[in-house]
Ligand code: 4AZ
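The chain below stands alone and is given in structure tokens; this is the form predicted alone.
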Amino acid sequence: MRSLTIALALFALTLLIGVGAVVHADGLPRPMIVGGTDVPDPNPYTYQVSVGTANSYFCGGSLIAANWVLSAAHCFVDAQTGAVTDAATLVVRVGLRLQSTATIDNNRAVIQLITHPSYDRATSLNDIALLQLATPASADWVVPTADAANDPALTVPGTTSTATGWGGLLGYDPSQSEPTGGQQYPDILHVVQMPIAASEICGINATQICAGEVAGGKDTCQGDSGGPLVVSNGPGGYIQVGVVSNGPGCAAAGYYGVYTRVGSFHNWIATVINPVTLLPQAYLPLVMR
């Protein structure tokens, strides 16, 4: 699990960052970008959104349609009770590079939150969620998502993947709950590139992806949960293959970040976003001969 809470003084346009990572009820810290860099200006990762409440940021997400955000279920499900966050309390902020520049124009209310019905808090399987926005963002900011057909070619081990987020900057060993001396969180969106690793190396489920360097040093970490893992689509753009889910420590040697495999959930996403409306059936009169 890789989420945290960061207080935002939005009207003062000042980012108030806590001394250390805020820990969820299960006692586990949540992810951040480690070993990355500031995103350039103008921001090429316009699909990245900030998810929180009126005064906080705790997870990332991605625009997969003008009015739909893809994120992680664990961001919204209490680790102990399984209670789901009230959608009315959530705020999605779009079009941001710096959290401190957020204004009312960046805010989007959430009218519907749907976590995967088979999300398992104990194993982190099916760690995926969708948020419907009350007001759409720019359609130009949307990132396409992988499906079951193109996923295998997009996620071949060794493929360079890209993760973005406002999570912590310092890596730490799985035996720790945070870096020695506390974690550091950026105001500016960060980006890191990592190779996708073979599933058997990470010991993950077929509906998951892992990525990172065997020597460590690059990873997502606390605060990056729900954010996108993308790969090149060839013509210079990106396609989303993963959602930041969990991982032992952050950027430690011999460990990898774990991501929900988007292609495995393509049909579920499509069903939620474009529900099939059943038309009334027409019954023809029975003609007796």
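It should be emphasised that the depicted structure is a prediction, and the values quoted were computed from it without experimental measurement. When you see a residue number, it is the position in the sequence shown, counting from 1.
What follows is about the form predicted together with this ligand, which we do not show.
- Across the proposed site, Pro228, Gln240 and Thr260 without exception lack any heavy atom within 4.5 Å of this ligand in the predicted bound form.
- At a distance threshold of 4.5 angstroms between non-hydrogen atoms, Ser245 is in contact with this ligand in the predicted bound form.
- Looking at Gly35, you'd find every heavy atom of it more than 4.5 angstroms from this ligand in the predicted bound form.
- Heavy atoms of Gly249 reach within 4.5 Å of this ligand in the predicted bound form, making it an interface residue.
- Remark: of stretches 220 to 228, 42 to 50, 260 to 268, 62 to 70, the one touching this ligand in the predicted bound form is 220 to 228 (heavy atom within 4.5 Å).
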